[in-house]
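What follows is one chain in structure tokens, specifically the form predicted on its own.
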């Protein structure tokens, strides 16, 4: 098995679960935080003892809302990772933060614990769009969080934004993009709103309480953001990701390159490879059940081994999320040729990569190769 050099730690707690969110996140469970940390420690120590780990190049604390953790508990989590694994000197250590739960004390504890990259879940600045998303933070809080993060010494900030929100116009969306750029981030992610089955937003749409979003309007908003970001010195290096030079997300890039990633915590997924073999497994999802399972050394819920064709198809699909593309595996010549004819892919020496249109229409690329 190839050693793991990338670690994901899931923090499932939220103050409020937004109506569009289908992540493994739970509100009203703050009292479980300390017990959850104890379960994480057990899982991570077992993982270290039974699996091969290289010095960690990236660590990512996602959720949920990791910034909800009290400063002392976040410090304990960060210290435990460093005590359990060797971490490269210049490793990228990211923490997702909600502006509404980011303050000076927490920022200082994150910095002292080694966090050097913050991903701020801004999502938007338009009050109407934020209301549709049921976000309980606003543009003022995002601006305050950015100022506090800079004052604490963070020099690598990523902002998450959402477009194609019901009632959102291209004009109001561009105002959001410009306000985000005024915060001078190093990285921006722009995600198209999805109406995921099982979410409150999906149910509201089914009942006719929010309108459908015209796909042409969604593309117009994406295109407009891409032009503004390019003019501001950002490179679109992945379907939903723009970065200044040298500021690409190294952790997410590991996923797109199908590198082994160990996922710890409730519902976290791991991916491993060994020669031509690949497999993934995932943990028990609900926090209380995960905590009990971790104490019994049974946190893994299930796993699957990928056949050679499936593993190659996933590697191709994920590699084609990135502008750099990849050297394609054998056996996909027909699919690649058809996508080239559609103007979605192009060849560059031995590599194949998406065109601008191929990035915009990645779902069509993915369906063709999977």
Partner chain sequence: MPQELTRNFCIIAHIDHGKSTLADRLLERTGSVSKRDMVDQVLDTLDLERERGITIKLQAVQMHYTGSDGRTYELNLIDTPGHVDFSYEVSRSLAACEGAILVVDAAQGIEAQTLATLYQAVEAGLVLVPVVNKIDLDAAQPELVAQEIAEVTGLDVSKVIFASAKQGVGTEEILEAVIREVPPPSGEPDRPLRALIFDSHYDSYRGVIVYVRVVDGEIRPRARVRMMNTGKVHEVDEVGWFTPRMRAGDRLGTGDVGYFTAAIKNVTDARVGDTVTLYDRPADKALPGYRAVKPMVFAGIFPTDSDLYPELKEALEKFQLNDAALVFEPENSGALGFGYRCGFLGLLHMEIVQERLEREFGLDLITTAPTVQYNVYLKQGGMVEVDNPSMLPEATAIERIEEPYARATVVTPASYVGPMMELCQERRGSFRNLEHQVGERVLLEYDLPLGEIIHDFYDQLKSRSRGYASLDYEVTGFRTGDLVKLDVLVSGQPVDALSMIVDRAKAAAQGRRLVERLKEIIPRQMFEVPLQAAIGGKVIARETISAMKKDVLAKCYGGDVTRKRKLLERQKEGKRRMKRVGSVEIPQEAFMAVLSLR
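A quick note: this is a predicted structure, and the numbers were derived from the prediction, not measured. Numbering follows the first chain given and starts at 1.
Heads up, the form predicted in complex with the partner chain isn't pictured, but that's what we're talking about next.
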query: Going by heavy atoms within 4.5 Å, which of 302 to 310, 33 to 41, 325 to 333, 46 to 54 lines up against the partner chain in the model of the complex?
result: 302 to 310
message: If we define contact as a non-hydrogen atom of the residue within 4.5 angstroms of the partner, is residue 357 a contact of the partner chain in the model of the complex?
response: yes
message: So, residue 256 and the partner chain: in the model of the complex, are they within 4.5 Å at any heavy atom pair?
response: yes
Contact flag, residue 252 vs the partner chain in the model of the complex, heavy atom cut 4.5 Å: yes
message: My question is simply whether residue 17 lines the interface with the partner chain in the model of the complex - judged by any non-hydrogen atom within 4.5 Å.
response: no
- prompt: Judged by heavy atoms and a 4.5 Å cut-off, are 163, 338 and 363 together in contact with the partner chain in the model of the complex?
  reply: yes
message: Within 4.5 Å, heavy atoms only, which of 152, 292, 222, 210 is in contact with the partner chain in the model of the complex?
response: 222
- prompt: Among 144, 232, 240, 101, which has any heavy atom within 4.5 Å of the partner chain in the model of the complex?
  reply: 240
query: Of 309 to 324, which residues get within 4.5 Å of the partner chain in the model of the complex if you count heavy atoms?
result: 310, 314, 317, 318, 321
